[in-house]
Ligand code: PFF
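Quick setup: one chain, the form predicted alone, written in structure tokens, and binding and motion questions come after.
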């Protein structure tokens, strides 16, 4: 099967782009704030090392081994396992709400040009008006986000995905490190650094431990079929184990930089770090407004960085399903891209309606908005389940002698990784799932 191949650095940047998403800049800071800072970060880093990286290497190996879409890859391992490859559609499910959130970011970029809210109550009102009453505006920005994502997916590996990540990933890092340098000049930087890296063990609850394990898994873009799909388009000469370490390093670094920036600004203006999911859309605009002229500039840069992170991840979420349709049904890339994009765009409209004041009750089930159902189903069930499948397939189904590529790359460390992928990683993820569903508790 002829397929475009990433260049070495194109693959690294695209995989970093897949891993670095809204979770790094939006979710990581607020959950770190909710669970006490340093102790949470330490557990997060440990689980990145022993769970996240292990499964990331396994998923990269599967992609390089199968050299195709996830369904065909699992079929190559064992024909009866082809159904495991349907994890290629996990990303499409995520896009039903992820594209909506990217649309919110686009709205706030537009809104920040016209002015920032000067109080928390004003910011809360703007956000509630957006998601509760402004259905048409949300659909418009959701459509804009979809069109941008589909444009780059339709461009293919070289002219679409690689080109996007070669531009946006370096730009994202320049913006974030630029804001970090500014944050370093503020008196509150030391307090933010201590909060993020000094462990207060008394604040580490059992729930915080589970959230740390869960976020370390989800932040690396695992179980979505994206890593398998990208790794199918890379030369055998590329060292996938080293690439996995590079990806994990930059993914974690960007999350920590985002945390330092946000906590520095929060402490500088007397705000508390435990602001929850509304941190970026409610608290941060108010803080930027209090900074005067430089605040408007920083706000715009911060939102652009957030949009960049969202777009690079979104492209990787759509590509697995597009490749599957191309391979299985012989569609052109353009037709496959339009088909898959139309599906998540259309369902995304109902996710928007589920938050609206007028239609929310109709598009809610068991008291939960459709938007939240999609989010919790993927985070709590589909992604960890796919992670366990990847660990079991590589750790038990594929014979050890067929892992020669990883073994030669890793040398003596291979035995440690093999123990991790067979025992530590799957047990940790299964434990996470059982805890999330209330079956067991720490």
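Between two forms, the rigid core is the largest collection of C-alphas that superpose within 1.5 Å. Residue numbers count along the first chain shown, from 1. These figures come from a predicted structure and were not determined experimentally.
A second form of this protein, the form predicted in complex with ligand PFF, is not displayed here; the remarks below concern that form.
- No residue in the set 116, 280 and 295 has a non-hydrogen atom no more than 4.5 Å from ligand PFF in the predicted complex.
- Heavy atoms within 4.5 Å of ligand PFF in the predicted complex map, among the stretches 198-206, 308-316, 159-167, 237-245, onto 308-316 alone.
- Of the listed positions (176, 260, 94, 145), a single one reaches within 4.5 angstroms of ligand PFF by any non-hydrogen atom in the predicted complex, namely 94.
- Interface residue among 324, 108, 98, 152, judged by heavy atoms within 4.5 Å of ligand PFF in the predicted complex: 98.
- At least one heavy atom of residue 22 is located within 4.5 Å of ligand PFF in the predicted complex.
- None of the heavy atoms of residue 284 is located within 4.5 Å of ligand PFF in the predicted complex.
- Interface residue remark: residue 229 is not counted as part of the site for ligand PFF in the predicted complex, having no heavy atom within 4.5 Å.
- At the 4.5 Å threshold, heavy atoms of residue 224 reach ligand PFF in the predicted complex.
- Core-aligned CA deviation for residue 348 between this form and the one not shown: less than 2 Å.
- Put the two forms on the same core and the Cα of residue 214 is off by 2 Å or more between this form and the one not shown.
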